[in-house]
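Take a look at this single chain, the form predicted on its own, given in structure tokens.
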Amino acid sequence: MHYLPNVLFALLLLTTVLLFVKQAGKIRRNILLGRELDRSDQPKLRLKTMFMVALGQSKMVKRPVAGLLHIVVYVGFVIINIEVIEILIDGLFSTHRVLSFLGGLYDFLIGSFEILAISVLAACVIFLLRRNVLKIKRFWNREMTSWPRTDANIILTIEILLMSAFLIMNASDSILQSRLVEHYSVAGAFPISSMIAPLLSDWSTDGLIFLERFCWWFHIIGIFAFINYLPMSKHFHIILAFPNVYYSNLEHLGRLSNIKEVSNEVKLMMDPSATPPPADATPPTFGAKDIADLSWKSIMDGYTCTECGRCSSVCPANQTGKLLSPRKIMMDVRDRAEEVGNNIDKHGKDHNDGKTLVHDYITAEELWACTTCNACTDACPVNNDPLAVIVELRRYLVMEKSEAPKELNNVFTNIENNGAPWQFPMADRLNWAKEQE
């Protein structure tokens, strides 16, 4: 029985790791449903961009209040969880503050963790107030249905509970240390929890041991639960932000990719003597109809979306009342990828549910509202590219389905007949110059 807690802890740790690996593997599978895309160029610039944007949060601070609060939560939560190393060792081997041999450095670390913990707690409370009391507009757009709002509140609440458990655990631990209770070796500095300790000073030793152990288990089980909640939440961006930024588009914003088959046709038109490429038995398709037609990077963008709404808040179409919301585009890509992945798990990889990304998730009205200004891409704190998805879906509508708006069809006809988008014959193109003579 003496080793029962250690065995339970080891089983809990193993279950946590296996579940996370399984869920992460499904997300990886879903991302790789997309088309191939080579993003292996300029590795030094990509690393620099990743450190600046993903690690350095350089785009977050463009909105100082939210940026500062986010940095506090991000840095605080990551650094505090360094203590998880000690918790894992203590849980597996029944030790107590096993890293206390670090002496003064250990006191400094625990003290720093406490200051960060209270900062994270305060920032999360402010975030909850911003979302649910102040009701900032970008958190209440039409795509922010009950689940996205609940998801954000769940994560913030979990972080508040974890930080509270950490501080209460330290407060009860410090009292037990002062009473020289067996197993509670004197170690650590407690600048914040020492202010909580007086509230517990009248508790019995047995009561404090129970409280300390309860908070210890609550803290570590909460972390394990948080880890396995991440793949089901928008907060998986905590992990995916780094590869997503590394593989982001380094070209100038607004530069569209060419379609190889179309480029080849244009080259043959310009140079009839050129050797045509070998015929392909499978006719090419243009644009994207569903998830498998997008690049793997666009699907990764969907999974990395933080749902912060910065893209939609700077989108001129969205701000003038159009149906388009770049955030919804990213959320739709992720949701469709999840649906396709679930169908594969249930029915096999060749299953067709009769749905497509365009029309069933994203309407033509949304796509044609986009001005391709790239404000959304520029604003995204994790370098997502909603425009890449929009352009590919538009290409499908135009080149595969001939479903362009009437105004665009008129332009296409004029270009085909007159060599220009205007409805004037080529012979009259220079008439304007005669008036200058």
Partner chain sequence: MSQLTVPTMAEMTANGETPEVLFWVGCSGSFDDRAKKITRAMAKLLTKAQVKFAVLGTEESCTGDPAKRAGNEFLFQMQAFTNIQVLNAYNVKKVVTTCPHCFNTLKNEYPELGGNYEVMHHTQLLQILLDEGKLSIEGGKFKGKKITYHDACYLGRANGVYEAPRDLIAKLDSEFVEMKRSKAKGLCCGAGGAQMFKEPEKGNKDINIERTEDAIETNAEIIATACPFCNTMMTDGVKNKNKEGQIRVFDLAELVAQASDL
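Quick caveat: nothing in here was measured; it's all calculated off a predicted structure. Residue numbers count along the first chain shown, from 1. Only the largest set of C-alpha atoms that superpose within 1.5 Å between the two forms is called the rigid core.
Unshown form predicted together with its partner chain; subsequent notes refer to it.
The closest non-hydrogen atom of Glu339 lies beyond 4.5 Å of its partner chain in the predicted bound form. Shown alone here, Ala427 lies within 4.5 Å of its partner chain in the predicted bound form, counting heavy atoms only. Of the heavy atoms in Gly56, none are within 4.5 Å of its partner chain in the predicted bound form. For Phe214, no non-hydrogen atom is located within 4.5 Å of its partner chain in the predicted bound form, even though that partner is not displayed.
For the candidate set Leu200, Leu253, Val75, Ile115, a heavy atom within 4.5 Å of its partner chain in the predicted bound form is found for exactly one residue, namely Leu253.
Contact with its partner chain in the predicted bound form, judged by any heavy atom within 4.5 Å, is made by just one of Leu33, Cys373, Met52, Leu68: Cys373. At a distance of at most 4.5 angstroms from its partner chain in the predicted bound form, none of the three residues Arg28, Phe210 and Leu240 contributes a non-hydrogen atom. Residues of just one listed stretch (168-176, 317-325, 148-156, 303-311) have heavy atoms within 4.5 Å of its partner chain in the predicted bound form: 317-325. In the predicted bound form, its partner chain lies within 4.5 angstroms of at least one heavy atom of each of the following residues of 236-272: His252, Leu253, Gly254, Arg255, Leu256, Ser257, Asn258, Ile259, Val262, Ser263, Glu265, Val266, Lys267, Met269, Met270, in sequence order. Relative to the superposed rigid core, the position of the CA of Leu8 differs between the shown form and the other one by less than 2 Å.
In this overlay on the rigid core, Ala427 has a C-alpha that sits 2 Å or more away from its partner position between the shown form and the other one.
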